[in-house]
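Quick setup: one chain, the form predicted alone, written in structure tokens, and binding and motion questions come after.
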Amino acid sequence: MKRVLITGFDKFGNNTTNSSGDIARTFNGKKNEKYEVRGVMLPTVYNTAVQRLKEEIDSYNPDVVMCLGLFGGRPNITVERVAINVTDEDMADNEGNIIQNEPILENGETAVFSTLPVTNIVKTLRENGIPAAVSNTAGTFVCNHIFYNLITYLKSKGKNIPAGFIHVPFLPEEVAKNDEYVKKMPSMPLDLSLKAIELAVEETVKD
């Protein structure tokens, strides 16, 4: 049985929910004949999130790591291909930290790539009627920050396991409750996002 670590984030900025954290929390403790899941909600705080992720990897020793994040405005599940070695965002994290135009790791690789079966996950989701796409940009906020550190940390530990990042859309209730700008954005119900991540895990752990 394979151990799967799924992480999401708590709510941040003006958002009242964060579907990525809801998904991780829902999956925590899920178990079947193929895999078991530890679901963890990370704080939307640059260095604290990285430290918590490393602690979870060290304690759980997962066979798969799937980090999730919210990308408001995207209409589908986006499986990220690459993380870049830069943080550049004028929005503060949940502790008020604003990082602009700085490398994540000094002398680190310019970019690192997901080791999840990115295109196969997207194919599987589409075949099951779930809007999905490969993304070549994870942004430059906390999501990209955690994605870059995830791959870099696993490499430093010699852990050659499937790992990467997936973005999920707003929940309908988030769009409905927010300002006029956000109300025009696409959304995806939680049950559909949950099904998408379940399929992504199944695609990743299959022999």
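Keep in mind that what you see is a predicted model, and the values were worked out from it rather than measured. The first residue of the shown sequence is 1; numbering continues from there.
Separately, the form predicted in complex with a small molecule exists; it is not shown, and the next lines address it.
Quiz item: Does the small molecule come within 4.5 Å of a heavy atom in each of Val50, Tyr148 and Tyr153 in the predicted complex?
Solution: Judged in the predicted complex, none of Val50, Tyr148 and Tyr153 sits within 4.5 Å of the small molecule.
Practice problem: Choose from 156-164, 31-39, 64-72, 169-177 the stretch whose residues reach within 4.5 Å of the small molecule in the predicted complex, heavy atoms counted. | Solution: Result of the contact check: 64-72.
Quiz item: Can any non-hydrogen atom of Asn18 be found within 4.5 angstroms of the small molecule in the predicted complex?
Solution: Asn18: contacts the small molecule in the predicted complex.
Quiz item: Would Phe141 count as touching the small molecule in the predicted complex under a 4.5 Å heavy atom rule?
Solution: Phe141 belongs to the contact set for the small molecule.
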